[in-house]
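The chain below stands alone and is given in structure tokens; this is the form predicted on its own.
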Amino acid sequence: MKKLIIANWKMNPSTLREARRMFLALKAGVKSNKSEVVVCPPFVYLAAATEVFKSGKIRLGAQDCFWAENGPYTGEVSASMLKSIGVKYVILGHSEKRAMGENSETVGKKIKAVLKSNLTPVVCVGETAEQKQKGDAFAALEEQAETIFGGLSGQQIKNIVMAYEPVWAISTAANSRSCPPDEALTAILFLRKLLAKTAGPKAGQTLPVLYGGSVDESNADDYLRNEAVSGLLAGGVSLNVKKFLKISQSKV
């Protein structure tokens, strides 16, 4: 199975001109089907990305969406809107969104909206530094997963992608440090057990589970070499086209 490599540009770059330059460079660089490459730029650049990527091998993703299809929700964007311009994947529950007040119940509502629009949600879960230090990392992952998936059917869960994102390891975290590959693998295997319990043994084995947390071109292969890790959710490094292309072309 192909590895899934997702670029989360967050609130970057500063101009449409620079975003377009990066889109074109990525399109030129992704020439093989070695992995499934997804780029998630800010909302304001999605239309430009659609034009560039429509004839290439790169898939388009969004960094978030709202749970309602339309209505009086100033500043929000619906899953159906994203689908209408060619988006395929939607990141949900990112730790940076949680830090701004989002909770697992809200993430669950968004997942339903994304699935209803026949898009693929990329659902982030992960423990904080405090939870890790207290030995509560697995308990935190289980609470998040149970709350998020509690309102979903087994069939719905089979259509999602999960991303293990230890909050303490992402580049924006205070005193961030990388999560060792064996530690990341242990957490991902735990998540697969939870998935098997909720959606069946086959889902636990085959549903994509990514790793995200200070990934770069020097350590990407260390995470990808294990079959249980289905790919990567890359943040800061994805803004460097050359480095991101190197990750996407991993031989693992």
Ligand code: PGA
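Numbering starts at 1 and follows the sequence shown. Small disclaimer: the values here were computed from a predicted structure and weren't measured.
What comes next is about the form predicted in complex with 2-phosphoglycolic acid, which is not displayed.
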Contact flag, residue 61 vs 2-phosphoglycolic acid in the model of the complex, heavy atom cut 4.5 Å: no
Residue 41: touches 2-phosphoglycolic acid in the model of the complex, heavy atom cutoff 4.5 angstroms: no
Residue 229, heavy atom within 4.5 angstroms of 2-phosphoglycolic acid in the model of the complex: no
2-phosphoglycolic acid contact in the model of the complex: residue 110, any heavy atom under 4.5 Å: no
Site check 213, 233 and 236: each within 4.5 Å of 2-phosphoglycolic acid in the model of the complex by heavy atom: yes
Contact stretch among 132 to 140, 75 to 83, 94 to 102, 147 to 155 - heavy atom within 4.5 Å of 2-phosphoglycolic acid in the model of the complex: 94 to 102
In the model of the complex, the one of 170, 179, 162, 90 near 2-phosphoglycolic acid [non-hydrogen atom within 4.5 angstroms]: 170
